[in-house]
Ligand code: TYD
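Just one chain is shown here, as structure tokens, and it is the form predicted alone.
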Amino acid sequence: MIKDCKIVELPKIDDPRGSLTFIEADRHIPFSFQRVYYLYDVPGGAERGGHAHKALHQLIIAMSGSFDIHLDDGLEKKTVHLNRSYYGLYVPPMIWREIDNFSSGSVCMVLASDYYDEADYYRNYGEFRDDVKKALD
């Protein structure tokens, strides 16, 4: 559900030489991660995402720059703006997401709870909505 999507404040250690943030699985985020990937060099006006996951948990972080994440659980929608590298957005399974409004030079890093599996994706919004409705019946 959309209410389960939440900002996670990560540890931030300030130092005159620069700041440091770290992430420990099952400690700072509510899952262990098996995969890390990142989006970068996204052209102006481009959108990423446009899918949901059946079982995958994710933490999305703006490592540099900023972007908007549009979340949809099939019933409610909300938009989250990420622009700090010590905040991550936890996205549980069954949340449709679209990412846009990338600033120049932005980097979006994602920690995922499992390895890539195409069978875990909803790439068709209608199919996603149908399965949400079925689960509610």
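Numbering starts at 1 and follows the sequence shown. No experiment lies behind these values; they were computed from the predicted model shown.
Another form exists, predicted in complex with the ligand; not displayed. Remarks below refer to it.
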Whether Phe22, His28 and Tyr90 all lie within 4.5 angstroms of the ligand in the model of the complex by heavy atom:
no
Can Arg123 be called a contact residue for the ligand in the model of the complex at 4.5 Å between heavy atoms?
yes
Contact between Gly49 and the ligand in the model of the complex at 4.5 Å, heavy atoms?
yes
Would you check, heavy atoms only and a 4.5 Å threshold, whether Tyr37 touches the ligand in the model of the complex?
yes
